[in-house]
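One chain is shown next in structure tokens, namely the form predicted alone.
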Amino acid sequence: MAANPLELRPLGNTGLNLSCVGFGASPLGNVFGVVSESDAIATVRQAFTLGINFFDTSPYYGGTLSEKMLGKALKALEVPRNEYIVSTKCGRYADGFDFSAERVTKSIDESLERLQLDYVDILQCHDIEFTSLDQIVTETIPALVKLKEAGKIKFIGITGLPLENFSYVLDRVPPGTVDVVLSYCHYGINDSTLEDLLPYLKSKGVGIISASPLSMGLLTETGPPEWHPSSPELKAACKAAAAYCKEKGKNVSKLALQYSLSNKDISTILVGMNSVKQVNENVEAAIQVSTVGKDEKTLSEIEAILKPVKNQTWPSGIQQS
């Protein structure tokens, strides 16, 4: 275990305590380049050793490869099942979307087999904006409630890009039915719109996971992938922010992660990782926030650069959440 263990934060009313940095396993599905099985196992092992206890995947990532790789890596840890928390998803697959009760019920059995687990801690409806929200309310979530009763899942979650969809669903299901929401690209230096929703989510007793503090590559030195759906203005501003940080001997990705980590109302910041080096950097950034605090001066300078494009949204459709 690290000398300064990672901070654990409660996840809503679930009773789970998640490491403030969560392990996003989509890169294990070769989504951002090939990751060997031995590298995947080493990466997950290092994450667990340094205090990361939350691992998130989906059958959609790498067409089920992420789940298989994560399953092998967790098994290789040879530790009791209650020492780590696993989340997977349903409804979004390599061949499209299907949130029907029949498909999501079958989906969890397939996921458990790939993950080599008897249950997952959280099963989330993956990117609910791509179906009728009323189907999520009247068909998908009731099916997940049955899976919970059967002991295959412990808690129910929903994910997606448009924030308004969370309140639409939460206002229409019995209180306490949905335990967790996973929002992405809405709590970072360039977009902090999730903040407005936090009091509402807390009032519902819902645990909050925020993914992609780097805005799917916008807040990195290398810049976003070709397919990134944001505007040219936003891309240019983030590129300028990254260059400014580099000039000052700082790393924009580390600062972006620290910005996201500093809000204690968010249970965990989910970051995709595919190497021991990335794990080490992310954990170091988190420990620095809890011991020294974030770099307020450089962050305010970056925020000034990004101010003209702050909270710019983009159409959902092709991103990995």
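All values reported here derive from a predicted model rather than from experimental measurement. Throughout, we count residues from 1 along the sequence that is shown.
The next section is about a form of this same protein that is not shown, the form predicted together with a small molecule.
Quiz item: Is the small molecule in the model of the complex near all of 26, 126 and 271, within 4.5 Å of a heavy atom of each?
Solution: Every listed residue reaches the small molecule in the model of the complex, so yes.
Quiz item: Using a 4.5 Å heavy atom cut-off, which stretch among 170-178, 136-144, 204-212, 69-77 contacts the small molecule in the model of the complex?
Solution: Selected range: 204-212.
Exercise. Could you work out which of 242, 104, 120, 182 is the residue within 4.5 angstroms of the small molecule in the model of the complex, going by heavy atoms?
Key: Of 242, 104, 120, 182, the residue with a heavy atom within 4.5 Å of the small molecule in the model of the complex is 182.
Quiz item: Does the small molecule get within 4.5 angstroms of any non-hydrogen atom of residue 216 in the model of the complex?
Solution: Flag for residue 216 set to yes.
Exercise. Determine whether any heavy atom of residue 111 comes within 4.5 Å of a heavy atom of the small molecule in the model of the complex, and answer yes or no.
Key: Result no; residue 111 lies far from the small molecule in the model of the complex.
Quiz item: Is there any non-hydrogen atom of residue 190 lying within 4.5 Å of the small molecule in the model of the complex?
Solution: Residue-level check for residue 190: no, no contact with the small molecule.
Self-check item: Exercise: residue 295 in contact with the small molecule in the model of the complex, heavy atom 4.5 Å
Solution: No, residue 295 sits far enough from the small molecule in the model of the complex that none of its heavy atoms falls within 4.5 Å.
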